[in-house]
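Below, in structure tokens: the form predicted on its own, a single chain.
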């Protein structure tokens, strides 16, 4: 007869202390931003009115979304492909076990930190100022965003590879580039494809937001309809993007499972 092991005693002082700390920090943060539950409850009527104006969606507006949404997909594809390619050397040089030296590793890591620190919206505004409003600015912004995402994730995967093969390539007289090409990248290729698909999912969502600052795509038409108080059309755009994102996620997840 198997006897279940006794459950460990719950550490009530630690649990209560943790909850009290989180509640205290939340209250302190809310006070810092001027949050008022009374004002929130008083503004619920305005929110209810907005919901009533947003429903039902304007389905007659759906055909006009084809062009802008296709532009959004174009922006996401270009950003993923260009950024994904440029992320390869950045990730390799950021991996401790593959980099060319501590100075190179330090400089590359800080470069990655800068890319991750500045949000994609900032890059969109910068490129919109540099090259003009439109999809080109959005594609450039998402390329930078993709470099930041893939290089961070893939560099950590490369640090976990088996160094037997790269060391064998070097022992056979191979150069550093040959070691990377034949010893490291083949081991990390599966993870790279997975991260690239994940970045594409993020880029489809991000391209919608980038359009709000004039970087092309369906976000621009969303901002136009919002500014004109056409909330039924705004709802239609959100629903269309939601369906598209869910389909892309399912396709991406299916591909990742086949690669696993």
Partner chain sequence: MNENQGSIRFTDGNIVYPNGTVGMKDLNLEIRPGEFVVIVGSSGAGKSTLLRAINGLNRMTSGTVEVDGTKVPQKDGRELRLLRKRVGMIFQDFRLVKRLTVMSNVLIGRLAHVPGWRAMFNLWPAHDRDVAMKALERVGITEKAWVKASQLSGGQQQRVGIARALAQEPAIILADEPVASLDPVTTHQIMKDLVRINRELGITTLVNLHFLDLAKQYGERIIGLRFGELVYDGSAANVTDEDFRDIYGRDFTEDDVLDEDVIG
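Residue numbers count along the first chain shown, from 1. Small disclaimer: the values here were computed from a predicted structure and weren't measured.
Separately, the form predicted in complex with its partner chain exists; it is not shown, and the next lines address it.
Its partner chain in the predicted bound form is not approached by residue 105, whose heavy atoms all lie more than 4.5 angstroms from it.
Taking non-hydrogen atoms only, residue 160 never approaches its partner chain to within 4.5 angstroms in the predicted bound form.
Interface membership of residue 101, defined by any non-hydrogen atom within 4.5 Å of its partner chain in the predicted bound form, is ruled out.
Not displayed here, its partner chain is kept clear of residue 97 by more than 4.5 Å at the level of heavy atoms in the predicted bound form.
In the predicted bound form, the residues of 155-180 lying within 4.5 Å of its partner chain by at least one heavy atom are, in order, 164, 165, 167, 168, 169, 170, 171, 172, 173, 174, 175, 177, 178.
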